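A single chain, nothing else alongside it, follows as structure tokens in the form predicted on its own.
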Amino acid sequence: MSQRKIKTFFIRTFGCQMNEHDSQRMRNLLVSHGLRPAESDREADLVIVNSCSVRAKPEHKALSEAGRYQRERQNQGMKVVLAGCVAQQSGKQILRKAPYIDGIMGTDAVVRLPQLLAQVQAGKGPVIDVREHDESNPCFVPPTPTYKPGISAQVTIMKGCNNFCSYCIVPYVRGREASKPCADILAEVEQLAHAGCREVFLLGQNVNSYHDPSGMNFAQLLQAIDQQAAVDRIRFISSHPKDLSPSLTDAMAKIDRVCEHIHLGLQSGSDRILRLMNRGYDAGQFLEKALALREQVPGVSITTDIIVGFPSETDRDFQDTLEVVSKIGFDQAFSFKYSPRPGTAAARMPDDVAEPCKAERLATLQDLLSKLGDDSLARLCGRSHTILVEKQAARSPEALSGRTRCNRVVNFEPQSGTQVGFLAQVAIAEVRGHTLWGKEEPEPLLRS
């Protein structure tokens, strides 16, 4: 196999926003060490496949993707690294399935990417780094000074999870909860703002569990970022329902820069299934918190995740889920058929819901969610909303595209002078497909 110096790289990302953020951090680190992004994967000296293991399909995709580069590796000396949750979970076992991989780096190895890459370049592969963070070394990746964010940028505020939901692999691949100090978060937000960012997206497996070493909680962190006044908008994901506190609901209602959107994973509306899932709440508690949000935070958008076909789920359990979904009226949702993840408690339960039944329930649920989503979009029509302009509209070069505070995409006809990065007041006129369309009202809202 021919050797070549690693000068260019390409990153393929699967999975959640945390993985997307990790990929951005990897890109920043590689660029800061003199590498440049390749135009395509086939032209790269190094390909990193950032994997997800939350469900079976993304895991298979990631391993299949890594296998696509065998010819380039053999003929051109391309290096292939598998990163992310699959790498963290399986470690050396991956090499039995994929001996062509040059490096395996777990979720906490991003901060050590330059050192790992040096070993790969020196021909010391396969290099394996799946060391986990701990309280003394949380392994947060510091921001790189050369990073140029877009209008919106992600900021990791905590990592890991202590909840151990029975179906979920995240605690095993992301480790225990660790929070970034508030001072570091504020410094990163300030740096992003100076580079042109107008909106930050606070990330964590469970942002509600955030605790600064000094004792500051998540609602207080939101207040601190608001008082800093570096950015115009603050968003966050994800929130665990059992940890959704009255103080967070109050913060969403009263802090101007915090946007009216929250992602709360319901997973099931059956109390029996929720206990088997080890979710830590029942359907009534979830409903109470969701309806409190609706009442106290006008215009709030509530999105969710739902699993159908969990072990032993009956028709009655599924009907309970449909009833809760209807009462809350979710604005958007991600819904999935249950698939067992090796190493989780649920994987030891019989996967006894037949595949055709799972498919039928998923279709029924998605029909309901689609109707609720259409109703949610229709309620926004005929009203004026403040839009943060993000880009040109994909299918209309004359139009711009941005998001409402409740996280809905809006394409609109701009007034003269409106540009990406502006705040614009837009009268929403209609729904086309799943996208809102409108027309900007006079005088764009420039940054003061």
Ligand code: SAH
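Just so it is clear, the model here is predicted, and its values are computed rather than measured. When you see a residue number, it is the position in the sequence shown, counting from 1.
As for the form predicted in complex with S-adenosyl-L-homocysteine, it is not shown, yet the points below apply to it.
- When you look in the predicted complex, the only residue of R73, R112, K337, H211 with a non-hydrogen atom within 4.5 Å of S-adenosyl-L-homocysteine is K337.
- Of the residues R341, R361, R235, K180, just one reaches S-adenosyl-L-homocysteine in the predicted complex with a heavy atom at 4.5 Å or closer; this is R341.
- Proximity to S-adenosyl-L-homocysteine in the predicted complex, taken as heavy atoms within 4.5 Å, picks out 166-174 from the listed stretches 319-327, 116-124, 217-225, 166-174.
- Looking at C197, you'd find every heavy atom of it more than 4.5 angstroms from S-adenosyl-L-homocysteine in the predicted complex.
- Using a 4.5 angstroms threshold between heavy atoms, I104 stays clear of S-adenosyl-L-homocysteine in the predicted complex.
- A residue is said to contact a partner when one of its heavy atoms sits within 4.5 Å of a partner heavy atom; V54 meets this definition for S-adenosyl-L-homocysteine in the predicted complex.
- At least one heavy atom of D305 is located within 4.5 Å of S-adenosyl-L-homocysteine in the predicted complex.
- Every residue in the set Q205, Q267 and R279 has a non-hydrogen atom no more than 4.5 Å from S-adenosyl-L-homocysteine in the predicted complex.
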